[in-house]
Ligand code: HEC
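Here's a solo chain for you in structure tokens, the form predicted on its own.
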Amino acid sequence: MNRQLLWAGMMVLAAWASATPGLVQAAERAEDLYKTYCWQCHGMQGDGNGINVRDMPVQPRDHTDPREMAARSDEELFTAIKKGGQAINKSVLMPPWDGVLSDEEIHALVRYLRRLCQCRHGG
């Protein structure tokens, strides 16, 4: 019976992935973007413990902290990524990624951040 449930679950997942390849690719792309541009400060797991932390006077945000992340709206997160931390009265060490990342990529990163914290704004 366990094998049947496992097989059925795998089939449902495969069907979902094939029916929504754009969503799966976008999620994978956002994770790749995070690992390319964010992990040095925010860490590979998003916990704020990147390799640059020891040289930073301000601790990077822990993107896995649901309480902290729920306090920020998606618009604030978008603005912080696009225009830098200073745009939302946070650290000047958070650079603006406008010109490097498209708005679509930034929105994908915001969705990825919500996956990391497993939270929504205000929740």
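When you see a residue number, it is the position in the sequence shown, counting from 1. Source: prediction; values computed, not measured.
If you look for the form predicted in complex with this ligand, you will not find it shown, but the lines that follow are about it.
This ligand in the model of the complex is approached by residue 60, whose closest heavy atom lies within 4.5 angstroms of it. This ligand in the model of the complex is approached by residue 95, whose closest heavy atom lies within 4.5 angstroms of it. Among residues of the shown chain, residue 90 is one whose heavy atoms approach this ligand to within 4.5 Å in the model of the complex. In the model of the complex, none of the heavy atoms of residue 64 sits within 4.5 Å of a heavy atom of this ligand. Residues 101, 109, 113 of 101-123 are found to place at least one heavy atom within 4.5 Å of this ligand in the model of the complex.
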